[in-house]
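Let's start with one chain on its own, the form predicted alone, as structure tokens.
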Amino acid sequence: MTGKRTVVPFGPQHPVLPEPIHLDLVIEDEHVVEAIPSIGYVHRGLESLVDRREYSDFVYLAERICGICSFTHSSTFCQGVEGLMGIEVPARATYLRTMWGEYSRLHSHLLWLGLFADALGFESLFYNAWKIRESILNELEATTGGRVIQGVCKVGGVRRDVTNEFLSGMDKRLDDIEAEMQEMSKVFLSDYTLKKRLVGKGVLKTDAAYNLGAVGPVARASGLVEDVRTSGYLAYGDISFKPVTADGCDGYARCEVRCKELFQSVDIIHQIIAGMPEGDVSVPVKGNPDGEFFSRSEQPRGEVIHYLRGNGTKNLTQFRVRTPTLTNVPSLVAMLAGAELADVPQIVLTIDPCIGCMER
């Protein structure tokens, strides 16, 4: 016990990080005293392009903010323009957007679970999670034409319909996928090594999560009932569900919430397919957006906000995005304070960071 402090750089390139972020870790006797984040390694300037692309074309750029939450970004952007222009989207289109949004959540959570298992050296679990994820991506490709970037949302609705016969087949195939996820989740939540690496690590108490503005699974794993879907946007107002929460406030609780949300998404998709209304999937759009609008959605990682401002021309004058990873960085800094240096990589991963999404 020397009490001498040193600064250990973590990132921007690190074996457990799929994307670059840098942390200066102030260390004292192998414990983190303070973590100082640095961001900006993958800034692309997407927001500034909004005044050089027509709002109808900018949907494609909004979708490319993130390679995982792509569908939710395009849906949230369209929702914002529709709010600005007072466009009423057909009910079938809102149900399809909700269904694809939940498939995206399954895809994102399975991707994270696989990457997390890989980071801990659990290769067979990694392959199992990604094998299940392939089934989800196949459904997205069959219904939208794209596995990761779908390009199916447009202002006024969606570009593609899905036949009721195919929806019935998806409904049945979800039962098989759910059975596979049950087996996988048992390992994540009961394996001795995983629990040893997660329980009591990266603790974020409920009041700290609230004060730091945590969102998504990070907030819900600290006992906060925070879920934008409860506001009833898209078709969520017609769906019966409750936000998944846990009270462990640690890395294990964040893993637990994501595992349970897999089954919640399956249940929501079952309800969506059962209640899918008939009718058109888009309406004609005339005119240009004027005014300002905040559009909110619940991404797999938490709440995302798109701010749009128009002046009655075909180009928006301002577009800003607040992503869940950016919102959760202060919570990450709080989780790391007091942690052992060896636990830092898996604690960082438990917030499911998406740096490209955060920096746009």
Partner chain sequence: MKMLKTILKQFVHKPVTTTFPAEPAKRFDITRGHVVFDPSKCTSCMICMKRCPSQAVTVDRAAKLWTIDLFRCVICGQCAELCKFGALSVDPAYSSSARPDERGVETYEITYVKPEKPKKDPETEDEVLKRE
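Nothing here was measured: the structure is a model prediction, and the numbers come from that model. Numbering follows the first chain given and starts at 1.
Omitted here: the form predicted in complex with the partner chain. The next part is about that form.
Contact with the partner chain in the predicted bound form, defined as a heavy atom within 4.5 Å, holds for exactly one of Gly275, Gly145, Gly213, Gly86, namely Gly145.
When you look in the predicted bound form, the only residue of Val285, Val244, Ala91, Ile149 with a non-hydrogen atom within 4.5 Å of the partner chain is Ile149. Per the 4.5 Å heavy atom criterion, the partner chain in the predicted bound form is contacted by stretch 134 to 142, the sole one of 285 to 293, 69 to 77, 236 to 244, 134 to 142.
Although the partner is absent from this view, Tyr60 contacts the partner chain in the predicted bound form, with a non-hydrogen atom inside 4.5 angstroms.
The partner chain in the predicted bound form comes within 4.5 Å of a heavy atom belonging to Phe122. Mapping the unseen interface onto this chain, Asp176 falls outside it, with no heavy atom inside 4.5 Å of the partner chain in the predicted bound form.
Using a 4.5 angstroms limit between non-hydrogen atoms, Gln318 is distant from the partner chain in the predicted bound form.
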